[in-house]
Each structure stands twice: as C-alpha cells, then as structure tokens.
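Next comes just one chain, in structure tokens: the form predicted alone.
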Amino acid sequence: MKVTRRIILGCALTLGFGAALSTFVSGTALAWEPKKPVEFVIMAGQGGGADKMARLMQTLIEKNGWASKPLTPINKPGGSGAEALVHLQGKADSDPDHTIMVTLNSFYTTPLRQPGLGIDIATFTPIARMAEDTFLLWVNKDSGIGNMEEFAAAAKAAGKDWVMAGTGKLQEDQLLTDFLNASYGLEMKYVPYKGGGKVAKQLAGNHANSTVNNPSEQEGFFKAGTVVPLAAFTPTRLPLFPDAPTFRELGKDFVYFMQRSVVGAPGMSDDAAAYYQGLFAKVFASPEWQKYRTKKSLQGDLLQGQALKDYWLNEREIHRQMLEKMGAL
C-alpha cells in the first residue's frame, strides 16, 4: 500500500492529482489508441463485396464511437490486389500501426502468381476474419436459362463466345470459371473487371453471359428480377436462394468461399494489434453486422490472432494447388 501511495503521489506532482488518480483507476491512459486517422485499404474496386463490407464496418465504428480516430476507406484494386498488398507492406517501416486492410482471396493468389512482389502473407498482422462470403453462378433472366443443364448446353454451343465476367485475373472468379469449364467441358471466355459492382452491371446489361458473383454484388439486380442464380458453391443451399442447388447436389463435389478479413501491416505493434482486434470483435458482435451477415448470405465464425494466421496459411496452400492445376504457376 505504501508503494502504491508513493507512486500515485509522485505522479500527482507531475500530472496533477486528478489526472494521476484517473490513470490508475481506469488504466485507459495506458491503452494504445490511434494518434491520427487510420488508412482502411480495400484491395478491390468500389461497389464489390469487399468495398461494401469495409464501408459498413467504418460506418458502424463511427456511429458507435468505438474508435478514437476515423477509419478512412481507400480503394486500391490495381494488379488484382497487388497495389494494396505492396502499399500495406510498405507501411512496415514507416507507420504500421495506422494502416489496415480489408482483404479477399487475392491475398493468397496474387503473391503466389507474382513472387517478384516479395509479399509473404505470414508477415502480415492477423486482426479479424469477419466472414466467409459465398458464390453463386448467375445468368441474365433474358437468357431463358433456368438450370445447370440448360446453362451447360448454351455455354457449350457458344464455345469461346460465351463471356464470363469476373473480378481480377487468376483469382477467385477465374478459379471458379476454370472449375466450370473443366467440369462441364466448356470453353467460356473469362473477362476481368475491377470490382464486383462492375461485374454485376455487365451481366445486368447483357454485356456478359454469366458471372460467379457474391450475393451482395448481385442483390439489387436479383431483387429487380434481372438476374437468376443457377447454383451455389456452398455445402448446403443458401436460405435466400432456396431454388439454387449446390454443385454437390449436382454431382460436382466442389465448395469455395471468399474470406472477408481485416489485416494489419507487417511490423504492427502488439498493442496496436490488440486494439484493432478488440475493435473488430465489437463490430462482429454488433446486431447490425449479424443482420448484414444474414442478409448477404455470409458464413464463418470470427477468427483472430494465430488461428487466423493458420487459416491463411492453409488457404494459401489450397490456392497454390488450384493455380498449379490451372497451369498458372
């Protein structure tokens, strides 16, 4: 007790008794907080699933006053996410504690395809996996296609003239296109765009024949009756799309998810990492985020720390094997 009194009295001489007492009672002055606005990098274009997710989380954090400084969303979709990865890695020596990123599966594929970038995802700071996003195969309603049998027949007849629009090169959407081509004997032409929002518009405007977009990206056009989901890349049918069978039901044992994670820069301090992990745990537990997960057919539990890093490394190996099978490595 005497030691404690001496410490408090010593601090009181420097800080003033009220400030010192507040420090020792609450402990808040010892906790790390951002000293300036935080860059909230999005490694995809505007209007896609990652962009919508990031901006919702930023809104929830601001509305609830959970952060001492604002999070500023910045889209960096260039090079299938290479622009964002290089940017975040570059913060390792300058300001690792004030830059975080929303990522998707190009987090695995882009470093594998472009080793010259010098990106090792094991060095990035695991903050939170907020969800695993789902995929469906979509066509425009005007096509008259209502099931996979009709899709396969139409795409086979069109050959290389059948256009599958997707996001980025040799990442999620192209991997799924490759699966469809191989599984159904097709030769669909894959055309990449910067962002799922643009991809959705291509299908809605009949500028593409199909997409494998996430539900959040096609939601508006689906509700308008413009696009039709044919099948889901999930283990079981999605409640919001009960008429779309899974590929497993159709005899193709293939399941694929998109990670929706928040990643910190390499070299982020332990205190900063703990701050962001706590922040996004609050977001995950919020009624608004849980409602969004249900509305957008998102799945997966919250993962943080070493469990998230282990998940990354496992998924990287899965994607390595997929890319090797495609001849992309």
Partner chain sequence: MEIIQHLLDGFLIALTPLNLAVVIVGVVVGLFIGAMPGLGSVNGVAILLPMTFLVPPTSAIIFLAALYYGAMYGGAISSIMLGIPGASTAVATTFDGRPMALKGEADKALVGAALASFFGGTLSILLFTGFAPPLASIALDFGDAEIFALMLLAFATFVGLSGDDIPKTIFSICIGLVFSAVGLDIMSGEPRLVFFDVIGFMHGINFLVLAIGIYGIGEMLWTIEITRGESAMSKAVFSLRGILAHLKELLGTWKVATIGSLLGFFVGILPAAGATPGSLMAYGVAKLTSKNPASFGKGEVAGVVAPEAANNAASTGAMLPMLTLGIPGSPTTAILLGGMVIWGMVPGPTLFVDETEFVWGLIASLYVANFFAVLINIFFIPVFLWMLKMPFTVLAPVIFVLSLVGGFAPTQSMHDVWLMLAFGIGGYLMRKLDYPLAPAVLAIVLGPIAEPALRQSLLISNGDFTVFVTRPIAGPITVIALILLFLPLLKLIRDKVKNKKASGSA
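Keep in mind it's a predicted model, so treat the numbers as computed, not measured. Here the rigid core means the biggest group of C-alpha atoms that line up within 1.5 Å when the two forms are laid on top of each other. Positions refer to the first chain, counted from 1.
Although it is not shown, the form predicted together with its partner chain is what the next lines describe.
**Student:** Find out whether any non-hydrogen atom of Leu56 is located within 4.5 angstroms of its partner chain in the model of the complex, and reply yes or no.
**Tutor:** Contact check for Leu56: yes, within 4.5 Å of its partner chain in the model of the complex.
**Student:** So, Lys63 and its partner chain: in the model of the complex, are they within 4.5 Å at any heavy atom pair?
**Tutor:** Answer yes; at least one heavy atom of Lys63 falls within 4.5 Å of its partner chain in the model of the complex.
**Student:** Going by a heavy atom distance of 4.5 Å, is Ser143 a contact of its partner chain in the model of the complex?
**Tutor:** Output for Ser143 is no: heavy atoms all beyond 4.5 Å of its partner chain.
**Student:** Against its partner chain in the model of the complex, would Asp253 count as a contact residue? Criterion: heavy atoms within 4.5 Å.
**Tutor:** Contact check for Asp253: no, nothing within 4.5 Å of its partner chain in the model of the complex.
**Student:** Would you kindly say which of Leu230, Leu175, Ala152, Ala82 lies with a heavy atom within 4.5 Å of its partner chain in the model of the complex?
**Tutor:** In short, Ala82.
**Student:** Give me the residue from His207, Arg248, Lys156, Arg237 that has a heavy atom within 4.5 Å of its partner chain in the model of the complex.
**Tutor:** Contact with its partner chain in the model of the complex is made by His207 alone.
**Student:** For the interface check, one of 175-183, 95-103, 74-82, 121-129 should have non-hydrogen atoms within 4.5 Å of its partner chain in the model of the complex; which one?
**Tutor:** Looking at the partner contacts, the answer comes out as 74-82.
**Student:** For the spot marked by Phe284, Lys309 and Arg316, is every residue within 4.5 Å of its partner chain in the model of the complex through some heavy atom?
**Tutor:** Not a single residue of the candidate spot has a heavy atom within 4.5 Å of its partner chain in the model of the complex.
**Student:** Taking its partner chain as it sits in the model of the complex, which residues of 217-255 have a non-hydrogen atom within 4.5 Å of it? Please list them.
**Tutor:** Heavy-atom contacts to its partner chain in the model of the complex: Glu219, Gly220, Phe221, Lys223, Ala224.
**Student:** Given a superposition on the rigid core, I'd like a yes or no on whether Asp120 shifts its C-alpha by 2 Å or more between this form and the one not shown.
**Tutor:** After core superposition, the C-alpha of Asp120 moves less than 2 Å between this form and the one not shown.
**Student:** After the core is matched up, is the C-alpha of Ala158 off by 2 Å or more between this form and the one not shown?
**Tutor:** Yes; that C-alpha moves by at least 2 Å between this form and the one not shown.
**Student:** Do you see a C-alpha shift of 2 Å or more at Val255 between this form and the one not shown, with the core held fixed?
**Tutor:** The answer is no, as the C-alpha of Val255 shifts between this form and the one not shown by less than 2 Å after core alignment.
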